[in-house]
Each structure stands twice: as structure tokens, then as C-alpha cells.
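Here's a solo chain for you in C-alpha cells, the form predicted alone.
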């Protein structure tokens, strides 16, 4: 079954036809996230620039030689390709000798599409969660936020100035209200 091309396939077309304006748009829209990811994971700005460039070349090669067609959003797809390339780089630079570098990590295949689609779905669900969370009352938002930080519930109760029993009951009520909002919308 053929999947429908995603509207972001225009980025693939731009790479194939060297459309400087759209290629500049790719850099403007996505380079910052890739740079942050790589810097936060033991890299430099130079590493980020190299990884982005290599990822775009790989995508171009796949589109040119293997008729690659984008059926998911470009951003999570590009981020995934860059992350995999960076992880491979980290393996190469690692003090531990890597005996088998898996080039399959760099191959663009159905698993990458599935990962990109899953990432898009997770991002949409997270956004929906945040929107519904904002509809809760201030006290519920405070209780849920503090509870999700990972501290012991006794410490959370003390921090909020309530008893442990009250915190458990109120947290349960707030979570039920949040779940109800999420399911309703």
C-alpha cells in the first residue's frame, strides 16, 4: 500500500532541485534544534553543522538514487536522522572500541518512518495533555506538577503545607479530572 506524500515532501524536492530559498528555510527552521541536541549530548556547534550537512546529503542521496518519498513530517524525520548520525559519531569517538558499527542506523527505512510518525503522535499527545492541564484549577496544577518531580509524596505534602492523606486524595481527584478532560476532548 502506497502512503500519501506528506506536504513536507517539498523539502525533499528542494534538496533534489537545489532550491536555495527552501534549503535556507530548512537551515533556519531546524538547525537550532539539531544544534541544541548535539551540544547537550557532548558535541559542539561545528559538530552540529557537520551532522546537519551530512544528514541532508544522506536524504538527498536517498531521494536521488532510491526515489525516497516523505510520508511523515520533515522535522521529526530530520531530527531522527541527525540523532542517529550523532550517536554513531559518539560511538566512533568513544574510548571503548566499537567492534560493529551498525550502518543500518544510517539507512532510511520503514523503521525511521514509524519512529518519525510515533514521535509526531507523541508530540501531539503531549501538546493535548498540556492544553488540558492548563484547564485545571491552580491548586490541581500545583499538586500534579509537584508530584511529578519525583520527590517522595511525604515531602511534596510538606512542601505544599498539607497532610499526606489530603495530598493523596486531592492528587487522585486532580488526576481523574485531568484524565476526564483529556478523554472528553
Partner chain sequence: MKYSMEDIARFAEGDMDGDERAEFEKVLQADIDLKSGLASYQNIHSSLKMKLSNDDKDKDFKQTLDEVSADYFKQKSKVIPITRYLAWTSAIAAVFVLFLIWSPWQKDLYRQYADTEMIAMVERGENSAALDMQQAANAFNKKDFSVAKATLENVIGAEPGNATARYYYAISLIETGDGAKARIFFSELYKGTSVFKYDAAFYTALSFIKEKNTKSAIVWLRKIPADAAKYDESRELLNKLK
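For the two forms, the rigid core is made up of the largest set of C-alpha atoms that agree within 1.5 Å on superposition. Numbering follows the first chain given and starts at 1. The structure displayed is predicted, hence computed values, not measured ones.
Keep in mind the form predicted in complex with the partner chain is missing from the figure; the text below concerns it.
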item: Heavy atom distance at most 4.5 Å to the partner chain in the predicted complex, all of 57, 148 and 172; value: yes
item: Residue contact check: residue 28 to the partner chain in the predicted complex, 4.5 Å heavy atom; value: yes
item: Contact label in the predicted complex: residue 126 to the partner chain, heavy atom within 4.5 Å; value: yes
item: Proximity of residue 52 to the partner chain in the predicted complex, heavy atoms at 4.5 Å; value: yes
item: Touches the partner chain in the predicted complex: residue 5 (any heavy atom, 4.5 Å); value: no
item: Heavy atom contacts to the partner chain in the predicted complex at 4.5 Å, residues of 151-185 in sequence order; value: 168, 171, 172, 173, 175, 176, 178, 179, 182, 183
item: Residue 10 C-alpha moves between this form and the one not shown by 2 Å or more, core aligned; value: no
item: Large Cα shift (2 Å or above) at residue 177 between this form and the one not shown, core-fitted; value: yes
item: Large Cα move at residue 44 between this form and the one not shown, threshold 2 Å, rigid core; value: no
item: Sense of CA distance change between residue 129 and residue 75 in the predicted complex, threshold 3 Å; value: farther
item: Comparison of CA distance in the predicted complex with shown form for residue 150, residue 42, at least 3 Å; value: farther
